[in-house]
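Encoded as structure tokens, the following chain is the form predicted on its own, with no partner shown.
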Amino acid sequence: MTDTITPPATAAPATERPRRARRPYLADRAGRGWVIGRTALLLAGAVLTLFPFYAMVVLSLKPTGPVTFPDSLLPWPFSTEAYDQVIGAKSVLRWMGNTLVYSVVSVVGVLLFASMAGYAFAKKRFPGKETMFWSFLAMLMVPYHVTMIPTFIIISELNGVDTYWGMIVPTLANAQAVFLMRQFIASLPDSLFEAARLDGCSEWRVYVSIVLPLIKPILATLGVFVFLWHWNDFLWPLIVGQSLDMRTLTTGIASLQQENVPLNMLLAGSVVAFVPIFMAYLIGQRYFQEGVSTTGIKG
């Protein structure tokens, strides 16, 4: 009987586990750390941004009395005493009306004159057009405070102090608005205007029937910005509106601080002034964001 010798089974070669790449792991870890750090930084920035608004609203809802920190920043006790006095005061309603007139009329005027000037600079041909445009644009380089005193002297000589027109008219010539209008209208095809003129349209008809419908996006964007600028304007209304009845909300609330008005009333007036402009921002939020991203202008 012969024994069969079976050869020893050769051990199967051990399969090597694929090594986990160390670098991607570290990269993922670093990426998560960056996301956490960035989120924490954004949250801290959001808290710092919102805290003044929170303090303004909470302190305006406190009863009249001394302010102590941090107890005064708690939402209780709750009182609408300051809002009753602010909304019931005739002066505040008058200031709000003045601010509305100043803002709305200025928006309409700025959009009308800027669109007309932008159309002329973009599509019309006349001698000295480029020189006139760049001279007008040079106004952007001149600080507003430099021209404020000469403008006030001219308005004073024309008996415009303490009047609506004296407050509104100097703000209608807006070089930034004209520049934006001119750039937008220049991008429109010339064939539209040539076809309208061949059909016998007058220049006013071309402006009303072709230019205005095509520039609605830039009109909406500029309208939101101009409204924000005028609603928050302080210096020019402070100089021109010298009587109590011609003050705007910004100058009127600032004058309350000199009359030793309680802090809760002062902040209630600030909230009343803030709500309309916040509503305007919510309504025109899309145009506001598009304007910032496409034109670079800020409110």
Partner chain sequence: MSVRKSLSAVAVALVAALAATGCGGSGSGDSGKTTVTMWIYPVIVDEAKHRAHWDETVKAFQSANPNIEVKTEIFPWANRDQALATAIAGNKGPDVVYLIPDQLPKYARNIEPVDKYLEDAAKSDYHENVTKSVSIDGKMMGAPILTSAATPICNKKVFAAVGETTYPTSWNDLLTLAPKFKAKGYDIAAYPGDSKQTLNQTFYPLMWSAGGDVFSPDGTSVAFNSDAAKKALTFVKQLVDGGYVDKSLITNVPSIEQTRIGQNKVGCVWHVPVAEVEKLWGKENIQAVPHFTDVKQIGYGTVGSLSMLKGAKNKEAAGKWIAFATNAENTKKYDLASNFFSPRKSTGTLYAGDPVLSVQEQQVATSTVGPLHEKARDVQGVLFPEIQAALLGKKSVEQALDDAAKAAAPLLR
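Positions refer to the first chain, counted from 1. Just so it is clear, the model here is predicted, and its values are computed rather than measured. Heads up, when I say rigid core I mean the largest set of C-alphas that superpose within 1.5 Å between the two forms.
There is another form of the same protein, the form predicted together with its partner chain; it is not shown, and what comes next is about it.
Taken together, Trp204, Thr251 and Ser255 are fully in contact with its partner chain in the model of the complex: each brings a heavy atom within 4.5 Å. Of the residues given (Leu112, Leu192, Ile87, Ala173), Leu112 alone sits with a heavy atom within 4.5 Å of its partner chain in the model of the complex. Contact annotation: its partner chain lies within 4.5 Å of heavy atoms from the stretch 156-164 in the model of the complex, the single such stretch among 156-164, 127-135, 178-186, 220-228. Contact annotation for Pro66: at least one heavy atom lies within 4.5 Å of its partner chain in the model of the complex. Interface membership of Leu235, defined by any non-hydrogen atom within 4.5 Å of its partner chain in the model of the complex, is confirmed. Looking at Leu244, you'd find a heavy atom of it within 4.5 angstroms of its partner chain in the model of the complex.
Taking the partner from the other structure, its partner chain in the model of the complex has a heavy atom within 4.5 Å of a heavy atom of Ile149.
In the model of the complex, its partner chain lies beyond 4.5 angstroms of every heavy atom of every residue of 118-143. In a rigid-core overlay of the protein, Thr250 has its C-alpha displaced by under 2 Å between this form and the one not shown. Comparing the forms between this form and the one not shown on their rigid core, the Cα displacement of Leu59 reaches 2 Å or more. Once the rigid core is used as the reference frame, the Cα position of Ile239 differs between this form and the one not shown by less than 2 Å.
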